[in-house]
Each structure stands twice: as structure tokens, then as C-alpha cells.
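Next up: just one chain, as C-alpha cells, the form predicted on its own.
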Amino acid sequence: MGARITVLGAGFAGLELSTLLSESLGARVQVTLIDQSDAFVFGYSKLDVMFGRTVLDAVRLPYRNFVKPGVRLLRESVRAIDPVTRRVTTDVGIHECDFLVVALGADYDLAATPGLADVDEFYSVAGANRLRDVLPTFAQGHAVVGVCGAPYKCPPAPSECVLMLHDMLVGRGVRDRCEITLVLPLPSPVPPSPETSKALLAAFDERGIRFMPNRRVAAVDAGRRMAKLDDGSELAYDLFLGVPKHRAPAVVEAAGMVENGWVPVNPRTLETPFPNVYAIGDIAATGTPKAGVFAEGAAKAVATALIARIRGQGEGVLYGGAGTCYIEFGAGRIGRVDVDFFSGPKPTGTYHEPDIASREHKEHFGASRKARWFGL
């Protein structure tokens, strides 16, 4: 019998880890990949859906197309985790394993911000899809894009949202009747890269977009159409687009795996305090951004460690904490920032000016993963 590996969550981390284990070990490993959803959606696709560039059905990648030797993907909901015995209970049954990898991502905590459930958020797939019909009805007034807490997935996404909203309003000929404000609980749009932040701030200024740093939305009063900030001030709005506070899934917290909001790990090996239990992706406290490319990098590190242990030779490669984020600057142009968190004494970011050609890089990024994971 091959080594039993259970992977919870079929996002960037879970898909890449399972693929690497299959490629390297095949029948020598029994990988059980568990996710409660029936399809995968790239995070950046939500903005494309939201702004009418595509439809949800076109960006959903059904898990039935994920077929790898040595891997079985089960659609089940995780009900309990015992990290000591490495036993996972789902709504269908019990799974026991030799190695457990928790990659359940971050949940959206709407209840943490009073009133947020009564307005629109664009970070969930359902929320983005709903806004596809809402945004065309907005023709005048104040649009507020408000982030309710940090850390949050894909740090540049709120900035992308306001720039894409600007483009939409210009295209409809109503931009002069609208205001746009971005409320962000960070000192700058992309803190690790001052150059990228400077470029985004210049883009905001050029387009008349108000930027409010170091502020978070603490509550929303849908009846009064007011967003209350953490300094006690209020912003009147006609359209509110929220980014909910993130949290570790309740089932992971109930398992006693969470400290200070997230699962503590060795940031280079992704090992948790529990033997043979790893945490990768958005759920893990690595000090790197909550973004797909970083989850994928962490998965590669864990894959090398597990492969070495199962083969009984060599050592795993440490997680490098580096990745490239693509940023929509509007008008069809995309910028890039290469971020490195572990090589130097502090995180660094190398900025690449936005251009049309970078869209090909972004499209290749998505297409290569579709082919690798789903054979598309």
C-alpha cells in the first residue's frame, strides 16, 4: 500500500500539490483531495465576470476534469479535523492518512462587519456574479470600494476594481457624474513595492479616484447608505463594493490549529506544530500574500518534502516566498510586480510598467494551469 496523503481544499495549493505528487509518485501514493465545491475558478476571473468581460460558466473549471494517477478528488464537506491522529471527518465519512495537508483557504467573515451582509461584496464568486447585473445600473453618485480588514486575498485587487470601474463608467459616458473612493487598511496599494504603489497612486490621481489609506470599513448602514470607518468617520455612498474580513475556516479553528487568526507554520517548510501535518495557501501564516501564485509555490515546497520522505532519499526544497502578481491598470493594460519575501532582510517588489503585451503573460499564466490541472 502506498503512502496515504489527504489534501483538504482544491484551490491553487491543493491542485498543484496533488498534480506534483501524481507526476512524481503515481501509484506509489494514495492522494485523497477533498473539496466541497464542484468547480475551480481563478481569483482574477471574478473581476472579469463582475465587469461583464465574461460569464461565470466560461470561467468555471469542473473538478470532474481533474484526473491524475494516484489521486481521487472527492466532493465532500469537511466537518472535523484531528491533527494529532490525522483523521478527517466529512459529511460522507472518515479519512485517515499518513500525511495531512490543510489547504482550505480563507473564508469571508461577513458577520465581522455589521451591515456588510446587506450590501454587495465582490470577493466571492457569487458576489462578483451578482454585481455583473448591478454595475450597469449605476449611473451617478458615489461608489465606495471598501476593505473591511487585513490581510485579504490578492492585495492589488481592490485597486484593480476601482480602475476597472472607472473604465466602465467612462465607456458608458457617465464618469463625470460619479465619484470613486477606495478605502484600504494598508499604507499603500502594494506595500512591498513602493514603485508599484507609486504607479497606482498616479493612476488614481489621473482618473480622479480618491484613495484613503490606513482605514478600514468597520460597519455599513444600508438604510442610510453610509459606510462607517474605523476612525469613526462616515462615507456616504450610492454604490458600495465590499471586501469582507477574512478568517480561517471554522472547522480548522475548532481543530485547535489556529493562532492569531491563521495556522502557524514554519514559513519555509510549511510544517505545522503537529507531526506530518502541513498547511499551505491562504490559511497558513507564512508572512507572504494570500494569493494563488504564493499558494502554488508553497505547494511545490511541500511536494518536494513529501516525495523525498516517501522515496527515502534527498530533502525537500524550501518555500521561496516569491511570485508575480498581475495588475489591471485599465484601458487594456496590465502591470506586473515580482515580489520576494524571503531572499533579503525585508520584502522587495520589482515593478514592470503596464502594457498590452503583459496581458499575454497573464493569459498564459491561466492557460498553463488549465492545461496542467484540467487538460484544457
Ligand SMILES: Cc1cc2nc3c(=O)[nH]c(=O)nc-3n(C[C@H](O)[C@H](O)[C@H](O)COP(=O)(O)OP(=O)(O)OC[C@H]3O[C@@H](n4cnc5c(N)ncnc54)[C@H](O)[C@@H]3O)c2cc1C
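For every residue, the number given is its place in the sequence shown, counted from 1. For clarity, every value in this text was computed on a predicted model and none was experimentally measured.
Just so it is clear, the following notes concern the form predicted in complex with the named molecule, a form of the same protein that is not shown.
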The binding site of the unliganded chain, tested against the named molecule placed in the model of the complex and superimposed by local C-alphas, with a 2.4 Å cutoff to backbone or C-beta atoms and a three-atom threshold, is open
When the named molecule is placed as it is in the model of the complex, which of 169-177, 279-287, 208-216, 110-118 ends up with heavy atoms within 4.5 Å of it? 279-287
Just to confirm, with a 4.5 Å cut-off on non-hydrogen atoms, which of R225, R268, K153, R86 contacts the named molecule in the model of the complex? K153
Sole residue of L186, L235, V251, V258 within 4.5 Å of the named molecule in the model of the complex, by heavy atom: V251
In the model of the complex, Y123 touching the named molecule (heavy atom, 4.5 Å): yes
Even though the partner isn't displayed, in the model of the complex is G105 close enough to the named molecule, meaning a heavy atom within 4.5 Å? yes
Evaluate G292 for contact with the named molecule in the model of the complex, applying a 4.5 angstroms cut-off between non-hydrogen atoms, and reply yes or no. yes
Exercise: S77 in contact with the named molecule in the model of the complex, heavy atom 4.5 Å: yes
For the stretch 28-44, which residues lie within 4.5 Å of the named molecule in the model of the complex by non-hydrogen atom distance? I34, D35, Q36, S37, F40, G43, Y44
